[in-house]
Structures are given as structure tokens and as C-alpha cells.
Ligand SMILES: Cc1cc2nc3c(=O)[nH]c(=O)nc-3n(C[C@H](O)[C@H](O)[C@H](O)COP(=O)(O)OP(=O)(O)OC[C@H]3O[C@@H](n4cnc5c(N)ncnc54)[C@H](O)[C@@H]3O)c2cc1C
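We begin with a single chain expressed as C-alpha cells, specifically the form predicted on its own.
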Amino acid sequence: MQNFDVVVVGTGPAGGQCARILAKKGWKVLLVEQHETFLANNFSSAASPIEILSDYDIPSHCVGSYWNNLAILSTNVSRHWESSESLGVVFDFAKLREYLAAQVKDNGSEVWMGCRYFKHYQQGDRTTVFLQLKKQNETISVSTKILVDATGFARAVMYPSKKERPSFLKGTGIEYLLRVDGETYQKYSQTLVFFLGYYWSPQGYSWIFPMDDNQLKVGSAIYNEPHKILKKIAPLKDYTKQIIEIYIQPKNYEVLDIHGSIIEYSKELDDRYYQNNLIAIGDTVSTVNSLGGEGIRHGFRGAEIACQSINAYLKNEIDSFASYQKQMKEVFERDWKQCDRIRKKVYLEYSDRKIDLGVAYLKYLSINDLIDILFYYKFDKFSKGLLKYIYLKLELFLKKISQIVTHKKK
């Protein structure tokens, strides 16, 4: 039986980053991935602000495209912002995960592909982990000091029995990867487009993200909760097709892939963060943002926090991961609860007219204000647009009154 300091189950951004950090520190790490290639579950839309590259030391070859511009559309309103410089990236998710895994191996640790987690049990201060090798159709076991659950919404390690799982908010997404004609691609090659409202994306949001090689990602996501006003919506794929056929209207296109995924998110962040020498990271502890679905940056951030505790645990400086849970709550809880309150109002309670008005207010914000709202959750910036909107409406109203009074005097 092989012995490791840490076994990480799941090669998503959180799992890969966690394994990379620990391998660089000299610990013997095993990173486990159930699929045989990183292309097998290349699902993430992966749009992030530009700072992610320097913040987490990510090379440019992991980038599918850079974006300069933003567009937000509701049923009856559209707003666009442009910049002369790159503001963010859309990752090639497979290349990003492959890079993180390569870093693990380059630092003397191991990555096992086509290897599914089966079960584990603890004996003293070590844990035996059972893994199923798909190709060989056999089960092997390894021993580790720490086991990391980075399986995302599956939470396969932390909750071996579904009966143990608490209630989660569930969301469903579908995404089409298209190759379009060159003229169509140029319209979207540097722009993130988001859709809200009953026509484009009731009960959730939709998007167009550019990739390289004339490719576009077009997707829609909904939350599986009842809407306050709408009683029924169409199948999710219908809204994605509508964006392709009615909004994009490509001269010609090829569907390269259609994939879907779900999220399960704890609205109160009451996930199980650790249990003895088992620790959970990434979407396993709801680091995905429920408002916009962004998860890569937050998975990286959570992995860094986890690695501080894992490193201290391996050095016998701490004997539990309670400090990890506390720090995660300090970093995420306030913003995530606020985002979830807004998510519920916008996606599940607002009328279509109210969504239109919200998008209309955005006209008075700069693109940097939008970045702060969309990616850094500085929602006070939205009130700035609202106040400008009210001020201009009041100014027009007073001007009209003045004209009426002047006319009467004449």
C-alpha cells in the first residue's frame, strides 16, 4: 500500500490548486481524477477578471480568450460597455486543470487519472482510501494523513450516504459550445454578454462567452425554486437555442459540444467543512457564488485557506481544522449571503418590468463599476446608477413643469 501525506479527490480548480500548493511545499500528494482525460468534463464557462492570472500564477496558455467589453440584456433593455484594454479572461477549463495537475507532478507528487473514489475508513491518525481504477476494473487502497474532498456538488467523500446530506439550493445549467463564422465571431470575440428577464432567461440567467478558434460558449442556468410570478417556464435548452437563433443569428455554425451540470449550494453556508482528518474545499463547501455562478477564483481562494490549515496539521501545529472553517466563514459568509438574497429577488421574485428598470439604471455606471458589482460584489455601486437615473428623471420632470408654467404665462 502506498503512503501519502495528502490525498485530494477531484481535479477542479480547488482540488488542483490545493494539490499544487502542497506539492510545492514538499508534501507527498496524490491528486485523483475519475475521468481519463481533462476534456471529459470540460464544463465550466470560466469567465474571470484579469487579476486572477497574477493572483494565482496562471500562465496565458490556459486562457481561451481575453475580454474587454460587457453587455447586459433584459427583455426590453440592453446596455453595453467597452474598454481599450483586457479586463478579464475566459479560461480553457481543460487546459487550466491540466496545468494544475502538471504542476503537482513537476513538484514530485502524483496524479492518477481514471481513478474513482470509492470509500475510506480511519485508523488512528491515518486514513485508508479505496479507489476504483476504471481501465483495470479493480480496487486499490492507499494510506494518507489527510483526505481532501474536492468533488464539488457531489460531496462524495464528505457525505458517503445521501441520508446524511442536508438540504441544498439546486441550480441547473446547460451550455452549447459553438464554432461560428468569422463575421459573427468578431461581434463577440472580446465581449461577455449576460441575459436576464423573462424572455431570455426566466428564473435565472444566460450568457455568451468567447473562446479562441471562432468558438462561443452559449448557456443558460436556472434555480430549481418556485417563481413568485411565473408559474411555468420552457425547457432550459429552449432559452439557449433562442439566444443562438434570435440574438446571435450566425450565418452558419457548428455545435461542437452540449454539456450540462448542476450546483448544490448551502444558502446558510452550513456545509460540513471537516471531520477528523477529512477536509472539504471548493464547491463541496459552496464557494461557487450563487448569484452569478462564478467558482474558479473562489475555489482557488478557498484552497489557499485550506492549505494553511493542512500544512499546520501536517506539522503537528494544530490538531483540528476548526480554524479553517472559521476563516472560510470570515472570507465568504457576508458577501455570499448578500448575493443569495439578491439572487432570490432578481431571479425568483421581480417582475419583468422591474428587471428592465434595473438594467436601465446600469447606463449610468462605468465599466469599472460593473466589474466591481459583477465580480467583487460591491453592490453599493448600483445605487450610484439608480441615483443618477432618479436625478435625471427629476430634472426632466422639473423642466417639463417649467415649460408648462412658462406656456401658461404667455
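Bear in mind the structure is a predicted one, so any value in this text is a computation, not a measurement. Each residue number is its position in the shown sequence, starting from 1.
Form predicted together with the named molecule: not shown, discussed below.
Engineer: Under a 4.5 Å heavy atom criterion, is S261 part of the interface with the named molecule in the predicted bound form?
Structural biologist: Heavy-atom contact with the named molecule at 4.5 Å: present for S261.
Engineer: Does F43 reach the named molecule in the predicted bound form, with heavy atoms at most 4.5 Å apart?
Structural biologist: Close contact exists here: in the predicted bound form, F43 approaches the named molecule to within 4.5 Å, heavy atoms only.
Engineer: Is the gap between D92 and the named molecule in the predicted bound form 4.5 Å or less for some heavy atom pair?
Structural biologist: Looking in the predicted bound form, residue contacts with the named molecule do not include D92, since no heavy atom lies within 4.5 Å.
Engineer: I'd like to know whether T144 contacts the named molecule in the predicted bound form, with contact meaning heavy atoms within 4.5 angstroms.
Structural biologist: Contact check for T144: no, nothing within 4.5 Å of the named molecule in the predicted bound form.
Engineer: Of G173, P210, G204, G88, which one comes within 4.5 Å of the named molecule in the predicted bound form, counting heavy atoms only?
Structural biologist: Looking at the other structure, the residue within range turns out to be G173.
Engineer: Only one of R341, H35, H61, K354 has a non-hydrogen atom within 4.5 angstroms of the named molecule in the predicted bound form; which is it?
Structural biologist: If I apply the 4.5 Å criterion carefully, the residue I get is H35.
Engineer: Work out which of the listed stretches, 327-335, 183-191, 80-88, 145-153, brings a heavy atom within 4.5 angstroms of the named molecule in the predicted bound form.
Structural biologist: Every other range fails; the passing one is 145-153.
Engineer: Give a yes or no on whether every one of V9, G15 and G293 sits within 4.5 angstroms of the named molecule in the predicted bound form by heavy atom.
Structural biologist: Spot residues vs the named molecule: full contact, yes.
Engineer: Which residues from 113-134 come close to the named molecule in the predicted bound form, meaning a heavy atom within 4.5 Å?
Structural biologist: Sequence-ordered list: C115, R116, Y117.
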